[in-house]
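Consider the single chain below, provided in structure tokens and representing the form predicted alone.
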Amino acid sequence: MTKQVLHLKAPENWINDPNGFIYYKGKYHLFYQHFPYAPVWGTMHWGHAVSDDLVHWEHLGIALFPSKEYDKNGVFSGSALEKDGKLYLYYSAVRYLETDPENIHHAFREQYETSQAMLISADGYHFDNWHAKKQIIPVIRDDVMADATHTRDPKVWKEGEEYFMILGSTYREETGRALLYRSSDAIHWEYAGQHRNPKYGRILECPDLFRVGEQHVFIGSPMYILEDGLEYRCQAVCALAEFRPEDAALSLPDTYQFVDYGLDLYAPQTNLDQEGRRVMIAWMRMPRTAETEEGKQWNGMMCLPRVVEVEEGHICFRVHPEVEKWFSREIPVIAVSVGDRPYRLKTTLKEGEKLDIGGYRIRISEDRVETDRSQVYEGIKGHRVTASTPKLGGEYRLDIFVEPNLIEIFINDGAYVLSHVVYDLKPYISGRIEQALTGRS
């Protein structure tokens, strides 16, 4: 079993979306999209990891795998719910209509169909893929209601005495839309409505809808919203939503924030932590594989857990208290030299000032935090190497978390976050540092 600290990474080979994120019977469970045979995307399984504190993770191997006609080509993304002491897992089941003759793990010309399915586990550790699965929403062939191919990623929650499900979909691959279903028992589902909005891409993936205080927050991953010719045109966004549980009516505004302004983050999923805080984890996309100390190749990791809060109508993503606790030892900054261990740097910059973290450059320009990873992203073509936040009103407090393949910058207490996957960081820091570096050996 593989154990990891702070960032959950692929144990080896490939991972992408977080799935089934839940605090259940005293443990945090995080499932994830996993191709166990190579560090590339392929037939999806659900890998499984657990944690006591969202910081120390233990991989437990594969939980869900293809075993039915309707999911024979992939157990795709979904969510988890606790009911009657059992763990209910919901997922999108994929069946290829035509297989790529050169790679059986890919559909030929996007010819596949998607239904929704579930599996109930009595304890969260044992998963009967042969007898405990149930198809709960068959393939929808009426394109007025949904799309037979691109309807996926069920997020299920309880509100009041009812259960709700939100699904990502598309209208004729032109307009992103969200579908709503409702249930009295979390097993049998009826269609309740939909919301279409062209501002949310051509296809909407990984929708999440939840309360923060008295407000509903929507997080989703619309596809093809950045048409600049570069990779990662699909991004994670968030907005305050209008949702009426009595008739399952959803309305999303035309404007939204990016969840993360580095634009590497995708497919976020939230749930409540042990203390009732809304916490989010998401996939950080890696264009190139990395290697473990043992020489195993891996691709894909999760961001740090982030607490979702709403402040004066603005959605903030803040450092989780358990991460704060782990970085509790302070080291005075005199001459900084860092190795491969994760570390945290807190500093305040002024307009025009710069900071260089091992070749990753941060500067304040025109009231924004701007970053440049070109020196630690060499040889990677077709991806963005620079990023910036919206204007910040003259305040530039940075809380920076660094490890060999990921830098996460929390700006002004999480008012904005900018994270980047990196490679080949150098062991130095230069620039104006006012506060302290903290780390753990």
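All values derive from a computational prediction rather than experimental measurement. Don't overthink the numbering: it's just position in the shown sequence, from 1.
Quick note: we don't show the form predicted in complex with a small molecule, though the next part is all about it.
Contact between Tyr37 and the small molecule in the predicted bound form is not found at the 4.5 Å heavy atom cutoff.
For the chain shown alone, Cys206 is a contact residue for the small molecule in the predicted bound form, at least one non-hydrogen atom being within 4.5 angstroms.
When contacts are judged by a 4.5 Å heavy atom cut-off, Asp153 counts as touching the small molecule in the predicted bound form. In the predicted bound form, the small molecule lies within 4.5 Å of some heavy atom of Asn16. Contact with the small molecule in the predicted bound form, defined as a heavy atom within 4.5 Å, holds for exactly one of Tyr181, Phe258, Phe76, Tyr88, namely Phe76.
Note on contacts: among Phe218, Tyr200, Phe317, Trp283, the single residue with a heavy atom within 4.5 Å of the small molecule in the predicted bound form is Trp283. Residues placing heavy atoms within 4.5 Å of the small molecule in the predicted bound form fall in a single listed stretch, namely 38 to 46, out of 399 to 407, 38 to 46, 368 to 376, 412 to 420.
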